[in-house]
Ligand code: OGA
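Quick heads-up: it's one chain on its own, the form predicted on its own, in structure tokens.
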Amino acid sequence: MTITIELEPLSEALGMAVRGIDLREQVDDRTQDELRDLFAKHCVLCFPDQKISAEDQRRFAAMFGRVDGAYRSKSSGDLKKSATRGVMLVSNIRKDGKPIGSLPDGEMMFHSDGAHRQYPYRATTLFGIKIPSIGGNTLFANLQAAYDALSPEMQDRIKDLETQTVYDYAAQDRSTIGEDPTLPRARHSLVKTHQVTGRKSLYLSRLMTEKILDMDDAESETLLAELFDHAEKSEFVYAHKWIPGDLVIWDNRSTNHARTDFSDEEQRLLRRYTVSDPDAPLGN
């Protein structure tokens, strides 16, 4: 049976809420095509009121690429450990005194999942299980709109620039990124073109972009600071206030995201699957 879905914009900046679909059930081909088109166009999709298992979430994520399905108990700045992809609990909850998941402070700075890899994650899915009463929101920044709003002179200035991106689990912001040469790093174009829509976007983040390559350090820092501030302007940002049962998928090719703070006296638990490009080599 063909599914009839209902759509509602999440914000003026980006995003679409999708209702009328139960993701515990197999989705027909036509609806899958519609969801992929919506995803590419709107960058963030939210499916409220879901009651899905981990396997349901994995099946949903597989509509959008190759699901990274190995279990990850915790993120790490260690190169070998961080090569493991897959399902991860995003949580501050402890069991027997040990964290059951991962909740690094750096998440409160805008970043893009997998930007430290040669082949970053295409998408990330996150399912809300336990949500604090205040805070713990996810902010999404539309990097396509941010690029479009740049002056033609700035667009021309940055069109051929490349950056070095790093992942340091312990970093809280760019000033605390370590100099350890074994930290995962990758080289990326500062301006990227979306594989599906052909739209250009900025590809940089305050947490993970270390420097602009082949540029004087001072000039690099000045330009990056200007672009960070621009990309994080309120008109490009949507704040998602989680409700248990929300399943959200976002496009790491066209958005940055960040977490807002919340009380450590409350619990936050979400389940995360990442999605890679099917043509990307495993482990890259």
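Residues carry their position along the shown sequence, with the first being 1. Bear in mind the structure is a predicted one, so any value in this text is a computation, not a measurement.
There is another form of the same protein, the form predicted in complex with N-oxalylglycine (OGA); it is not shown, and what comes next is about it.
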*Of Leu150, Leu190, Leu183, Leu103, which one comes within 4.5 Å of N-oxalylglycine (OGA) in the model of the complex, counting heavy atoms only?*
Leu103
_Ile212, Ala123, Ala146, Leu126 - the one with a heavy atom within 4.5 Å of N-oxalylglycine (OGA) in the model of the complex_ = Leu126
*Which of these stretches, 158-166, 109-117, 172-180, 127-135, has heavy atoms within 4.5 Å of N-oxalylglycine (OGA) in the model of the complex?*
109-117
*With the partner absent here, would Leu45, His194 and Arg253 each sit within 4.5 Å of N-oxalylglycine (OGA) in the model of the complex, counting heavy atoms only?*
no
_4.5 angstroms heavy atom contact with N-oxalylglycine (OGA) in the model of the complex for Val90_ = yes
*Taking the shown form as the reference, report whether the CA atoms of Ser133 and Gly106 lie closer or farther apart in the model of the complex; the distance changes by 3 angstroms or more.*
closer
*Hey, the CA atoms of Asp217 and Asp105 end up closer or farther in the model of the complex than in the shown form, with the change being 3 Å or more?*
farther
